[in-house]
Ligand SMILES: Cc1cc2nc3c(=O)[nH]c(=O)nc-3n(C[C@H](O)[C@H](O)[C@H](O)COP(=O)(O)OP(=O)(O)OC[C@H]3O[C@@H](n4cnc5c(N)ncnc54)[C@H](O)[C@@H]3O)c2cc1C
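Coming up is one lone chain in structure tokens, specifically the form predicted on its own.
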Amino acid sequence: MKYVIIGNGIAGIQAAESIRQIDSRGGITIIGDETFTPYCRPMISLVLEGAIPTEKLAIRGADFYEKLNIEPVLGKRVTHIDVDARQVIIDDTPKGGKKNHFSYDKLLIATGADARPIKAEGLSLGNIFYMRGQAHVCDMLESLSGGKKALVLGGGLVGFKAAYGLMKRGFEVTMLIKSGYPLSMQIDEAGGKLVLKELVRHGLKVMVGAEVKAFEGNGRVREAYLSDGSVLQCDIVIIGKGVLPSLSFVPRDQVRVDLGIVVDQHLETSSSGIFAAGDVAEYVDIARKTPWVNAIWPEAVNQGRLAGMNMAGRKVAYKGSLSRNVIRIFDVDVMTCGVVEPPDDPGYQVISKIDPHKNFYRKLVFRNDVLVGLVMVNDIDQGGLLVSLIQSETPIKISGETMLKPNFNYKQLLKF
């Protein structure tokens, strides 16, 4: 059996390890566009802020491929999948006699996601970066000398981590957010306004409702021209406007694609023998009950592991994904999960409590008698329990008001 895995991230390596546990003799090839051994992508912001060196990012040893008898093809980006010939092509023009295609019996697409591009003039100037991988952060660190003003585009998780890291490096940081409050893809307006207040209190300049139209500079960026007519001085720019599944090489006439690559309960695509996992895969969201791409590390781990099992012949069903995030923003902890902005539907019930003076906010979203979403700003001690209730779709027999209290515990559910 020949297994080919496109993607050297956590989903890909989890799949390879699962395959090898079941099939000790099959050939495994991993193709990745980075040259690093597997590393923890969510931790690259810690390198930016100086908390850890790049060496600490590694999650597998240098002998990972050799120990599992894996053929690594690194520093290569797949250009095409020939579904009929069951081949993966990495270069349309072979050079130096090097192999440019790999045959497969089972294929996994685990290419993750690429940074969402922006439209602005002057993007080719130096010191304008996306923050998606280890190489991006290494390039940023080399460019930090000689400047003290930074511009971060986007108020999502990547934007926060970039802004925090640059502030730790002594930069004066401006965050530019198109929406009216930060974390708009993860949190509701009430929680977002509390987060915004905390950012400003700690010296981060935040501008909402504007976006960059052009950059100017002499080789390196020096100014950003905004949609509201203002001009910002900047020595470095970080673009953190979200991500899109990396699937430009996927033949859409043979593999079904929506936002991501559509998979079934066994992580298999519409094309037999081709699987997908991680940030590139789309399957049912447990809380939303609709197809969704949840581009988060825990889901990539789980999907990769299960995809590998199914590829090796052990049928294991995947229940679905669930969006959830936990982030500390200076002194404030924020946790979100599932449906945070429910539709205008009588089947949904929202219970919330807010104390702006203490930066405290809790919101629970129910669909009938099942918890399907939460927002917690500060005092997130019961967050793990609440997330498990969403994942398990446990019917709730106590009041939402009781579940909002900090001393809520699982034993209270067992009384009913």
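In this text the structure is predicted, and so the values were computed from the model without any measurement. We number the residues from 1 along the sequence you see.
Not pictured, yet referred to below: the form predicted in complex with this ligand.
> Which of these residues, Val377, Ile28, Leu364, Ile44, gets a heavy atom within 4.5 Å of this ligand in the model of the complex?
Replying inline: The option sitting close enough to the partner is Ile44.
> Which residue among Ile286, Leu232, Leu157, Met309 has a heavy atom within 4.5 angstroms of this ligand in the model of the complex?
Replying inline: Of Ile286, Leu232, Leu157, Met309, the residue with a heavy atom within 4.5 Å of this ligand in the model of the complex is Leu157.
>> Please pick out the stretch from 34-42, 49-57, 356-364, 383-391 that is in contact with this ligand in the model of the complex, where contact means heavy atoms within 4.5 Å.
In response: Flagged stretch: 34-42.
> Taking 4.5 angstroms as the cut-off for heavy atoms, does Asn325 touch this ligand in the model of the complex?
Replying inline: Contact with this ligand, yes.
> Does Val332 make contact with this ligand in the model of the complex, using a 4.5 Å heavy atom cut-off?
Replying inline: It does not: once this ligand is placed as it appears in the model of the complex, Val332 has no heavy atom within 4.5 Å of it.
> Is there a heavy atom of Ala135 no more than 4.5 Å from a heavy atom of this ligand in the model of the complex?
Replying inline: Contact with this ligand, no.
>> Is Ile10 part of the interface with this ligand in the model of the complex - any heavy atom within 4.5 Å?
In response: The answer is yes: Ile10 has a heavy atom within 4.5 Å of this ligand.
> In sequence order, which positions of 99-113 have a non-hydrogen atom within 4.5 Å of this ligand in the model of the complex?
Replying inline: Residues within 4.5 Å: Ala110, Thr111, Gly112, Ala113.
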